[in-house]
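First comes one chain, alone, set out as structure tokens in the form predicted alone.
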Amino acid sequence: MRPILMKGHERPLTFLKYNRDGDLLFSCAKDHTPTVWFADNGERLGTYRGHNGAVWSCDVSRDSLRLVTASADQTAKLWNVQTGAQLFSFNFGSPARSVDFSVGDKLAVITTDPFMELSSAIHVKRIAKDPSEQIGESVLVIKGPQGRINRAVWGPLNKTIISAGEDAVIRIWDSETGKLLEESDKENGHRKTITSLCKSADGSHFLTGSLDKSAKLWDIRSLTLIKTYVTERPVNAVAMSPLLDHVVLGGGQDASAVTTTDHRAGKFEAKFFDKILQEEIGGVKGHFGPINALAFNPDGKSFSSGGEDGYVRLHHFDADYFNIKI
């Protein structure tokens, strides 16, 4: 399995997202410019220019026509995927961190960071079919907990919103009323900041990664802990295979803790675990810095990783990957 090295970003990667067809890969980085690539050969298709701060996350609509990005410049922007034109900008009083389209793409959930005297917040925006009718008002604003919310996604049937972040608690909110429905308890929950969260392909469960050097698998409705995957370094990114029972964890120490003369050059690896048995089954090395982003192609036959080193590495699995036995 030879990775395709995709060089286009000048700063560390923050987020990767495939479109539903799996032919496009969108990448966000701290260099202000979200980028779209061909997912099969890693060719760069284009960029979305307009942000003037780090871009923390993105999501693409089901029909691959709209991209939404959240940035430290205190905006979330809607883009035309094909032309790269900016369609709308949602303005906030603090950096926008996470963004997720609802099923049907009529709504988007956007989280904003605590800033000055503002606490973290979860904003639900209505997404107009016609960009000229788009408005900036929120349908719902939920005042968040202490600390940053690193990720918020929609639950089943858009009835709930699942959020997780710095206080290490996972919360499930009612997306109509903003009422808190569930939260993870101290016993089962993470011990440190939750950095990442991804849903399974069928939306029945989700995976969280944390600086406490573990990832946990949860039931999306009851918030029951299903599995825990333990590794030896902080987890910055998680992904789940839509095809096999595999989960992937990526991480590494904080950039500030990495010495440049580190003997582990190129040794930051994405670790594969068996989803059921919770055993490590392999790893893919290559990045020269912590892995900040992971994504599986919806067909399950390739995955990509984005690192602190500014590279996106695209891996197409060999045939023998599909026959790994434990």
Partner chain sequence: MHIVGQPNKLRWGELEEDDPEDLDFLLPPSMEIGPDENGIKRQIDYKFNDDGHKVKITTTTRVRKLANAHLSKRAVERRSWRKFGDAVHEDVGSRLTMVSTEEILLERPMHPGSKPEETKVAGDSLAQLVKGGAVLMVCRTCGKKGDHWTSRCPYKDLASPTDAIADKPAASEMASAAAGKGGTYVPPGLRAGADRTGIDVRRRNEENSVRVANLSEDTREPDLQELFGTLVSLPVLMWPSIRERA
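All values derive from a computational prediction rather than experimental measurement. Numbering follows the first chain given and starts at 1.
The following text describes the form predicted together with the partner chain, which does not appear among the structures shown.
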I need the one stretch from 163 to 171, 132 to 140, 182 to 190, 77 to 85 whose residues put non-hydrogen atoms within 4.5 angstroms of the partner chain in the model of the complex. 77 to 85
is_contact(G289, the partner chain) in the model of the complex, heavy atom dist at most 4.5 Å: no
In the model of the complex, is there a heavy atom of the partner chain that lies within 4.5 Å of any heavy atom of V68, even though the partner is absent here? no
I'd like to check something about E117: if you look in the model of the complex, is any of its heavy atoms closer than or equal to 4.5 Å to a heavy atom of the partner chain? no
Should A54 be counted as a contact of the partner chain in the model of the complex, where contact means heavy atoms within 4.5 Å? no
Could you tell me if all three of N91, P95 and P145 have a heavy atom no more than 4.5 Å from the partner chain in the model of the complex? no
When the partner chain is considered in the model of the complex, the residues of 1 to 18 having a heavy atom within 4.5 Å of it are M1, R2, P3, I4, L5, M6, K7, G8
